[in-house]
Every structure is written in structure tokens, then in C-alpha cells.
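The chain below stands alone and is given in C-alpha cells; this is the form predicted alone.
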């Protein structure tokens, strides 16, 4: 059975086009993807991302447990700070990519991808042997809203949040007399917040944010624009750009893996070897030179040889051209500016390797 968020009826009332996504009936767009995309880039948008999972890890061994299942050094987190990381298998492949918030020393909040909730919980439970830790899946009790765009701060101040947490931090707060968690995070490359609230309050919160945001040009935003926004910002999507056969280093996420972490973790030997040595494949960004859209799964060629495949691709509403992410063989001669080809409907179309992100990020540090 397809799941519905607590805002499902709101989306229907707003005329959203609904689709099945990761087992959920979700709004893909309300008006047009391009219009919604530009709303987030230019003003402020409101997303229902309640399909995401919320898992609390608590207990006296919460820290060493988390340090076993992710390459990031969680011991460096202080209260109310967050970190982006990956949960890895024993081969260094990515089980999921996560945001971990330290609420206090013995309690952490983990935001996981909707499509991976069951797999993540299963992997955590399999790895908890010997640790005094509780893994509590609260995904069914919480809703998550994302308010994203350059006018987010003004909107939040209007609604009574005088001081937002710093980038990648979380705090308790109140909006319209509703107690919730406010985090300075997002998946768009723009400044913004994500609001974690108990299900029974989310309809009220949704309505109040839309009402208060009218003067800032707020609009509800669907999953279609969420995808084009994250692609412009070159933020990976699990199942497209990340999977269990790809390591963080291969995915271009080596910056999130400390090479001096003392604690052992799943896949450490493979990942640390990759940091110091050449990898077989790597993720690149590209823009199409010829007219054509590089879609997920399309083959990539260089000098007549197939060297990889597209993982994410589409039109950039801000730039007006076609961009993509792709895994290719790690050939030293392929650099920024190198011309390659994408096979579209049995014909090769020229493209050029480009530095990521495709559009400058404007989230605040």
C-alpha cells in the first residue's frame, strides 16, 4: 500500500500532480517545475518532505556505535551540531547517506532517505551487538517541512524565530505556538531550514507558513523542483548517484571522510586505501554541448570507448542548458573541459566535463 503524509489532502486541495515515490504518494509539482524551481532560487519555497525517516540513537554507547557504522568522526560533534555522512557496508559501499544531529552526548537524531528506512534500521540493528544502545525509529510520528530560499530568514523572523541556528545546527524552537526542532539544513543549495514536528501539528504549521510567506512570494514546491534544485547544486541522490556498490571516495565525497579517524568502521580498510591510491571510477559533472538531455542510465563515451554512465541529468532552469552527473573510469586525461560523448537514442552527442556544483551554493556557513 502506498503511504501518505499527513499533508496529503493539502496537496490535493492545492491541485498538485501526485506520483508514487519511494513508496509514498507525493506531490511532484503544483504549477510547473521550472516556476517552482525559480521560486526557491529567487524567494522562498515550502516542501513537504515527511517521507524522510527519523531515527533516534541513544544510550551510553551511542557515540562508539555511530563511529562504527559511518566513516565520519562523530566524536567531533558538539551538542546541537550536525554532520553529513554515509553509512557504509563492509566493502565500503554506501548503505545510505545521512545527516546526524547530536542532541546531547548520549542521544543523536539521524535523518535517513525514505527509500532506505527499512534497510537502514536493519543494518543498524545488525551492527549493534556489543553496544549499549537503543535504536528508535520515530519516522511514523514526525513530519518534516523544508523552507528554502533567500527569503527564508525574513519569513522565519516574521513568524517569531528571532535567531536561526548556524549552518548545519539544530535547536528547539516555536512556530505559531508549536514546539519543534529547527535545523539549518536543506537539499537545494539555498539557505533555509528544515522543521521537524509531531504529525498532529503539521497541517497547522503548513497553513501558517504559506499565509505568512505570501508577502515573500512563497509557493509550495514539489519533488520535481527538489530534484532539479539538488542537481544544480550537485547534491547526490541515493539510488541514482549513490548505492551499495559505490564508496564515498568514488562518489566524490572524500571530503566527508577524515583520513585520521582512529575508530574502526565498516569498510575502513578499503576506503582509506582509496583515499591514498587511485580509484577505478569517479563521479564527474558535465554539460551537454549538443542538443540533448543526458538521462539516468545513458552510456558515456570517450574516444570511441564506453567509459561510464549517467546517474542524474536534466535541464538546469537557472542556466538554461542540460547538465548531468556521471560515473566514468578514472582516466587521468579526462579533466575539466575535456569533451566526451553521451549516447542518446543510439547516437553520440557531445558534452563537456564541468566543475561541480553547476550553480553556486548560497547556503550559509
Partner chain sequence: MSEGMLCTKTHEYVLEQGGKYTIGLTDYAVEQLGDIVFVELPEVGATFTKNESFATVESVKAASEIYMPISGTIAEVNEDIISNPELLNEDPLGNAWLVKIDSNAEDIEYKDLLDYSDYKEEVQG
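Residue numbers count along the first chain shown, from 1. Keep in mind it's a predicted model, so treat the numbers as computed, not measured.
If you look for the form predicted together with the partner chain, you will not find it shown, but the lines that follow are about it.
Proximity to the partner chain in the predicted bound form, taken as a non-hydrogen atom within 4.5 angstroms, holds for one residue of 356, 343, 25, 17, which is 17. Proximity to the partner chain in the predicted bound form, taken as a non-hydrogen atom within 4.5 angstroms, holds for one residue of 228, 246, 72, 272, which is 228. For the partner chain in the predicted bound form, the listed stretch (54-62, 334-342, 40-48, 293-301) containing residues with heavy atoms inside 4.5 Å is 293-301. Taking the partner from elsewhere, residue 312 is found to have every heavy atom lying beyond 4.5 Å of the partner chain in the predicted bound form.
The partner chain in the predicted bound form comes within 4.5 Å of a heavy atom belonging to residue 224.
Although the partner is absent here, residue 34 sits close enough that one of its heavy atoms falls within 4.5 Å of the partner chain in the predicted bound form. At the 4.5 Å threshold, heavy atoms of residue 29 reach the partner chain in the predicted bound form. Heavy atoms closer than or equal to 4.5 Å to the partner chain in the predicted bound form belong, across 344-358, to the residues 345, 347, 349, ordered by sequence position.
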